[in-house]
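Next up: just one chain, as structure tokens, the form predicted on its own.
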């Protein structure tokens, strides 16, 4: 078996979720030393046990708490003797609802977990990566980070921000040895999705991928040091198209927006 990540020290957030855990399994199978970050201590303990890892190879934190960033960085550095090769930002929150019906606290939480957490983790780890002359940030985004999708407004906003952050930082870090990869899946079958998301997906014949396949694409992008990867056709085409012909995409999404309005009517 290929050992592409032999002895690489890799921190993965959202590591017990659908995509995150599949990424962790693949990295470990290819020789990586993995450190799992999860919001759920029970899921973390179960995941570490399944992987045959000791309890110190992970941490459960609430990314809505300000001290969580330093807890992750400090603990991972203790485990890896201040040498972290790669950070995979996979933790995420999702809301599918009319914007005006979304609790303001939830809007804040989505931005905190999906955008500010990756930003602050990268900010905290960057000095040691630059000092080492090498490192890799891998940000798991979304097609909705290129296409502003109605009824996923806060989620779209957070992923637009993550995509912009990835692009800006990649340009800033050129020549430092620190790389930035952004991977944008389309809809994925994970526990993040509510029953209404699945109902909407069925009504609109939305393509949804398996977490295992998405994880394979993320790990492949890491191996190849790709800058950005968009997954799934025709969604990745629409993501590019939206950049220069957004009004055309408006028309293409009109029926889906109508279906969503019907779903939330009354």
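Residue numbers count along the first chain shown, from 1. Worth saying up front: this structure is predicted, and the values here are computed from it rather than measured.
Omitted from view is the form predicted in complex with a small molecule, to which the following refers.
Contact with the small molecule in the predicted complex, judged by any heavy atom within 4.5 Å, is made by just one of 193, 77, 176, 71: 193.
A single residue from the set 129, 188, 180, 122 has any heavy atom within 4.5 angstroms of the small molecule in the predicted complex; that residue is 188. Partner contact region in the predicted complex: 90 to 98, out of 77 to 85, 129 to 137, 163 to 171, 90 to 98, criterion any non-hydrogen atom within 4.5 Å of the small molecule. Using a 4.5 Å cutoff between non-hydrogen atoms, residue 16 counts as a contact of the small molecule in the predicted complex. Of the heavy atoms in residue 229, none are within 4.5 Å of the small molecule in the predicted complex. Looking at residue 154, you'd find every heavy atom of it more than 4.5 angstroms from the small molecule in the predicted complex. Interface membership of residue 63, defined by any non-hydrogen atom within 4.5 Å of the small molecule in the predicted complex, is confirmed. Using a 4.5 angstroms heavy atom cutoff to the small molecule in the predicted complex, none of 26, 58 and 210 count as contacting.
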